[in-house]
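We begin with a single chain expressed as structure tokens, specifically the form predicted on its own.
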Amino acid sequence: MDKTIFKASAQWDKDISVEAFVVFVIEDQAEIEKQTTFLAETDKESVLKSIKADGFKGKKNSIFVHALSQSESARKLIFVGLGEKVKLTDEVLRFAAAQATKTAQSSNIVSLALLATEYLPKRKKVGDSIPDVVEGVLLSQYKFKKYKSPDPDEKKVIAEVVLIHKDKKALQAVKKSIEKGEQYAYGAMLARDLVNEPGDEVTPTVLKEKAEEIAKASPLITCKVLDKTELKKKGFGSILAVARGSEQPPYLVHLTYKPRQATKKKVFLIGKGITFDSGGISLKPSDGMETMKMDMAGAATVLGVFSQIAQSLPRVEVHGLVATCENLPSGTAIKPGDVVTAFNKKTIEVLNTDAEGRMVLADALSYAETFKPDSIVDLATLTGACIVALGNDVAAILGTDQQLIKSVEKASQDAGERMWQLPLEEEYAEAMKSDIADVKNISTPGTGAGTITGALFLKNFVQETPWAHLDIAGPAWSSKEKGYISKGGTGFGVRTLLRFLQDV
């Protein structure tokens, strides 16, 4: 995708050299009228008359477009309603920016002056909200078109957006906030690209190579790869078991970011990287496999974060683990009833080979613990039960440390990536006990609470470290376009974790 260039300016008048003026307005008639004062008098009168005729009141998600007759090139005015000021949130600003962008694109407008800082959410500063607007502009234009024939009617990318903040003294801070928004958006777009690629294009080897490419781009990042030989040598029996049915080699990829200033604080981010999940011997139905190229969305999120981490520069040491392989049926595939030994020497009775994501995470979690980190956050498209419980738009968060969970939740609220905490109900752990091994990879039939029991399985492999588990089975993939959320891979979690790392 061609890049949109952002600029910061304090100039707000009819003489700005752009094709359209975009103004965010609240649901208040006096405020709407106030936001027309920069126009030429004739245009102002025409706009106010048209607003009255149109019935535009600034309600959330409403749009008003008017051609400016006093403009040299018939430029347009676009008002985007934010709704009631008391209900204004970061997410409302993102959706407003997405609406403005799509409205401009529908008229083949490629340059905007955008006044987005007049109304801010409670307890927010301009610098907090500018990234929201940048995310809305960039992410709403994302399209995965690699395999489609050129479309002569394709809408042009917005080439330039001038973000207006009338306080000249704050422009440098606005520019830094623009950069932050670009980091969030481009990290999410990398994750979207990886998830949207077919499973024969993004294999475990390709995820490994993408990690190496990211590390090569910055002296602050290193990449260590444990291949099949190393995994066998060091006892990663759980990853190796899942990978047995595929000709694609498995990997555990270990990215490390070290800030320029020495720090003792260490955070691990772990992503499930099943690049295609057929269910293995416990084969999924055909319609259950249609989107299973996205079963590596957790790994894509970790890579998306690391693609931007050398620009966002968190003050803590950050490790990213990508546990990646395919889950396919074959004569060598793991079978229901088999017992495998994980990295921490715990044994797992495999009763369903379609519960494979938790197995690769088991090895990755126990490996991470050997580094004695301050916290671990994992992301996985782990359970269909999560979609039953929370739908397609909300992730589940569970874990062992409430302070860590609250920190991730706060970052997710700022990012507009919704999460809901489920209890790590220890009573259900009984249903994960095996008669012949330390633990089963699925719970006893009839137990229910599949998202919770999946997390309880993982808890066996992270004993001491504060840990948060994100089940992103629903929001990692969208069946339709919604505002700045694309159809297909969404890049869920990238923007949350980049924010989280800034505050650790």
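If you're wondering where the values come from, they're calculated on a predicted model, not measured in any experiment. Residue indices: 1-based, along the sequence shown.
The same protein also exists as the form predicted together with a small molecule; that form is not shown, yet it is the one meant from here on.
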Task: Heavy atom of A385 within 4.5 Å of the small molecule in the predicted bound form - done: yes
Open item on the list: Taking any heavy atom pair closer than or equal to 4.5 Å as contact, tell me whether L231 reaches the small molecule in the predicted bound form.
Closed with: no
TODO: Answer with yes or no whether E349 is in contact with the small molecule in the predicted bound form, where contact means some heavy atom within 4.5 Å.
DONE: no
Open item on the list: How about R358 - does it come within 4.5 Å of the small molecule in the predicted bound form, if we only consider non-hydrogen atoms?
Closed with: yes
- [ ] Report the residue, out of M292, A431, V316, A333, that has at least one non-hydrogen atom within 4.5 angstroms of the small molecule in the predicted bound form.
- [x] M292
Open item on the list: To verify the annotation, which of these, D277, D378, E417, D363, has a non-hydrogen atom within 4.5 Å of the small molecule in the predicted bound form?
Closed with: D277
Task: Segment assignment from 349-357, 242-250, 189-197, 317-325: heavy atom within 4.5 Å of the small molecule in the predicted bound form - done: 349-357
